[in-house]
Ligand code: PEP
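Here we start with a single chain on its own, the form predicted on its own, put down as structure tokens.
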């Protein structure tokens, strides 16, 4: 059960104290407080854990400071969709809105290599009206001898260039709790010219201690990718680890499943699960076509396989695209063969816009027929 308290509730007030006193007396029930500071008001939610079946909704709603009550009807207590649950499915970070209703594009370098390449990438994004990118500073690799990323040494120039070209959010994978501190320190040292969305990669989806640590900080939103060899339920529960520790600014990423059933693509594309995740949870859904397809193969119609699966994901309702671009793919230190070029950026953006328009038209069509059936 979730209690949504009145906005800007006074935690030093008598009514709040009465509520806490009541909750402390509930048998076999624990509770956890979650505070969210918005632009205009502070929101507080109380998660009741335990034997809550006997607690009546009307009675709980009558308690001091309580505005609404949600009966948890799904396993995903914080991020899940529940009956009569009107909590928002969006959040804002550094001026960018993330929701199940819009679409953000994060095109950029899978791995940062040189300042020159970073600048050319960000300049191209600015020229085409983009404010988000991906930049990998820490790169977990299958082989211990492969390039692991420049780490904290590249953060200052990445952040400074982001500020120069108006990039507001950078998706950046982390593999250790120390990386969070390094990113925070580099942002502070450069005057906070941009923002960072921490990325939990597929290899760390079930690194539960890392998830807990990242979840406890609420400064940075988190993109968590689906584990490449586990079920969708297990991956959503991994996202729930983040939210249960306090950070509800979570985007769920689909990046393909590791199986030879996907050959000749790098992974089996799982973008049919975009609407499934949106139905089960309130998380925006990201697609990662680069690591799903893994090649620059092109069909007889002249369309890259990567762009085909992007369209599939967007038409299915994706809210974020994480895709590899590089000014000189042949010189890329990671995943160059699958990276798109800067010359292809305008084509890519126009193609995405077409797919998004199609999704919105299909959505309107479905609503029209639903209204007709109800009348």
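Numbering follows the first chain given and starts at 1. Just so it is clear, the model here is predicted, and its values are computed rather than measured.
As for the form predicted in complex with this ligand, it is not shown, yet the points below apply to it.
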**OP:** Check, residue by residue, if 173, 255 and 291 all come within 4.5 Å of this ligand in the predicted bound form, counting heavy atoms only.
**Re:** yes
**OP:** Report whether the minimum heavy atom distance between residue 199 and this ligand in the predicted bound form is within 4.5 Å.
**Re:** yes
Original post:
Can any non-hydrogen atom of residue 139 be found within 4.5 angstroms of this ligand in the predicted bound form?
Top reply: yes
Subject >> 4.5 Å heavy atom contact, residue 274 and this ligand in the predicted bound form >> reply: no
Original post:
Does residue 110 reach this ligand in the predicted bound form if we count a contact as any heavy atom within 4.5 Å?
Top reply: yes
Subject >> Of 120, 203, 77, 87, the one that lies within 4.5 Å of this ligand in the predicted bound form (heavy atoms) >> reply: 203
**OP:** Please determine, with the chain shown alone, which of 182 to 190, 131 to 139, 152 to 160, 97 to 105 has non-hydrogen atoms within 4.5 Å of this ligand in the predicted bound form.
**Re:** 131 to 139
Original post:
Mind listing which residues of 321 to 343 have a heavy atom within 4.5 Å of this ligand in the predicted bound form?
Top reply: 322
